[in-house]
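Before any questions on how it binds or moves, here is one chain, the form predicted alone, in structure tokens.
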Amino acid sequence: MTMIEAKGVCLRFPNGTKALKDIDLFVKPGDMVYVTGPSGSGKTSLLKLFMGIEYPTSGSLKVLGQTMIQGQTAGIRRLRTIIGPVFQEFKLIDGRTVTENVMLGMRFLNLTQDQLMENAHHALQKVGLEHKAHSLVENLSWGESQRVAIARAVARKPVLILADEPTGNLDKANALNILELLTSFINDQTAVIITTHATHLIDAEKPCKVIRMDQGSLTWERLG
């Protein structure tokens, strides 16, 4: 099974800017993929295509078997229930507790209140924040907020995790902890894609694929 199959994918914005050029990419279950490159190189645009926030202007893209084109609203909505996104803007809701914010990430799933609570509890345990379950999110540190965002993404038990610059604004120790946490979710059913400009944090000893974006184009750096 191929989780992501991109062939000749291009993305052009209405103002004429070509954000992505002729992207070929194949991701399988169990893959750990780092997408590197400077700011503005197209890393975030790539993840937005995988989420159905943007659509290719040419080429072919399938995510978990779903063709990513306009007009496939119902299919893409279903697809998003099994993808766990962690974007740079955490989008946590002030005035709500940590648990409530994690549960909100599952609002599109057909789960009972007890199931929502159970999933949220397990996710917070996984990210080491069960002791903050009843804290208001506005009282958290930046790193704790990042972990809530990750818990919210994984609580729905996704088969594909997409993390956009998850180590930004963190010191090296905390950044490494976040990368280790994200890679802990990989198994024979689940793949993780992480965009980062911090290539020095990538553990060369662990199996992974590293690709580089530059001005919207993609080149492989390492397969592992």
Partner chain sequence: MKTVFFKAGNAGYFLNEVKTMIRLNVFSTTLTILSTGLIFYILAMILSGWWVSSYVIKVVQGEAEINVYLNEGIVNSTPEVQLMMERINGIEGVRAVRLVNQEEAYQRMAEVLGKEAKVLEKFEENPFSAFVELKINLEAIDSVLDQLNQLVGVEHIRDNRDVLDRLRHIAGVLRLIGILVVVAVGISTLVIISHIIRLGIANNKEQINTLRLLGAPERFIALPFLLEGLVLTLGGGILAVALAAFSLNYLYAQLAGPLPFIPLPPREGLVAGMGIVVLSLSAVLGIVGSLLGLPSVKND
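A quick note: this is a predicted structure, and the numbers were derived from the prediction, not measured. In this text, rigid core is short for the largest set of C-alphas that superpose within 1.5 Å between two forms. Positions refer to the first chain, counted from 1.
Keep in mind that the form predicted together with its partner chain is not shown, yet the notes after this line are about it.
S.K.: Consider Ile186 of the chain shown here, and say whether it contacts its partner chain in the predicted complex, taking contact as heavy atoms within 4.5 Å.
M.R.: No, Ile186 is distant from the partner.
S.K.: Flag Lys43 as yes or no: does it have a non-hydrogen atom within 4.5 angstroms of any non-hydrogen atom of its partner chain in the predicted complex?
M.R.: No, no contact at 4.5 Å.
S.K.: Is Leu104 close enough to its partner chain in the predicted complex to count, meaning some heavy atom within 4.5 Å?
M.R.: Because a heavy atom of Leu104 falls inside 4.5 Å of its partner chain in the predicted complex, the answer is yes.
S.K.: Determine whether any heavy atom of His131 comes within 4.5 Å of a heavy atom of its partner chain in the predicted complex, and answer yes or no.
M.R.: Judged by the heavy-atom cut-off of 4.5 Å, His131 is well away from its partner chain in the predicted complex.
S.K.: State yes only if every one of Thr2, Gln70 and Gly75 has a non-hydrogen atom within 4.5 Å of its partner chain in the predicted complex; otherwise state no.
M.R.: So, no: the whole triplet misses its partner chain.
S.K.: Scan 110-139 and note down the residues that get a heavy atom within 4.5 Å of its partner chain in the predicted complex; none is a fine answer too.
M.R.: Residues within 4.5 Å: Asn110, Leu111, Gln113.
S.K.: Quick one: once the rigid core is lined up, does Thr112 have its C-alpha move by 2 Å or more between the shown form and the other one?
M.R.: Passes the 2 Å threshold, so yes.
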